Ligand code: ASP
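One chain comes next, on its own, written as structure tokens: the form predicted on its own.
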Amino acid sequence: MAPPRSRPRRVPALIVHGGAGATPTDGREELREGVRRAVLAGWHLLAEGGRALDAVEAAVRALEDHPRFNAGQGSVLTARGTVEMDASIMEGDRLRCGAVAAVSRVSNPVTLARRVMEDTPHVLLVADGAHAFAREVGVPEIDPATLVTERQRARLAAAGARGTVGAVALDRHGTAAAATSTGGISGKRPGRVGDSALVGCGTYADSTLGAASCTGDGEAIIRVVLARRALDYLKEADDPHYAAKVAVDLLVEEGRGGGGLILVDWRGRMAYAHSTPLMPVALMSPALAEPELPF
């Protein structure tokens, strides 16, 4: 869908995160390589004049395909030892959005979320309804057992593991987009849905302001509608670094949880903040010859 013709061309930007649930002892180099690969997957599209929506989907798919991150192939397990994934995606020109929750038969929930956005009048499909829709639109169905890894079986025994992946982008046309995907919390009750499937909480994009993707304690993020509130702070202060910091303070103080988020504003300025020990991020813009990995 073409952006308004009167909108001036922008400087593209892309930032991805690999979740606020990582710890400094989790294998930093593997995390760095994972987010680097993801940001380059999206940047390849943006640098050629592509759309922000395509870039955030490509970046999140790369993270879903990497077994190190809590999304797609690396998703944590429920109390029953199964995988249930949530994802959402949003385009900021016309506030189009799509989401899926508690899905287990697709490799890339973010792509199914985009099909919900583009091929249905709905925003959110869950569980069996989402699986039936995937079959209708030709999204490949997989055996849920193939998503279960030995690493996640071990983490289930310890419980408490969590995390999310996400990406936000601005393209040359001035369109902002965001996408978020997760396996949720290790040992969660089957049927539990966190913030990543909820537009306004884990994901939000408005091209007049920017885009945000969140990670951390899902219930806390939901309580404060974090992604949308972050863009409200951005509107008030016109400072993405300030908006990200104040949004995380809100998450901790009023949401009563921890986590982080990434932001891009309508000018292409990028920012991130987190209350946890580590949140892998990677940034890319025309000013950078290589991805910036500030962790």
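Note that residue numbering begins at 1 and tracks the sequence as displayed. The structure displayed is predicted, hence computed values, not measured ones.
The form predicted together with this ligand is left out here; the points below concern that form.
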**Report entry** Contact assignment for this ligand in the predicted bound form, among G98, G163, G92, G72, heavy atom within 4.5 Å
**Finding:** G163
Requested in this report: Please pick, from V224, I185, V148, A134, the one residue with any non-hydrogen atom lying within 4.5 angstroms of this ligand in the predicted bound form.
Outcome: I185
Query raised in the report: Which of these stretches, 111-119, 167-175, 191-199, 204-212, has heavy atoms within 4.5 Å of this ligand in the predicted bound form?
Result: 191-199
Requested in this report: Note that this ligand is not shown here; using its position in the predicted bound form, name the residues of 217-237 with a heavy atom within 4.5 Å of it, in sequence order.
Outcome: D217, G218, I221
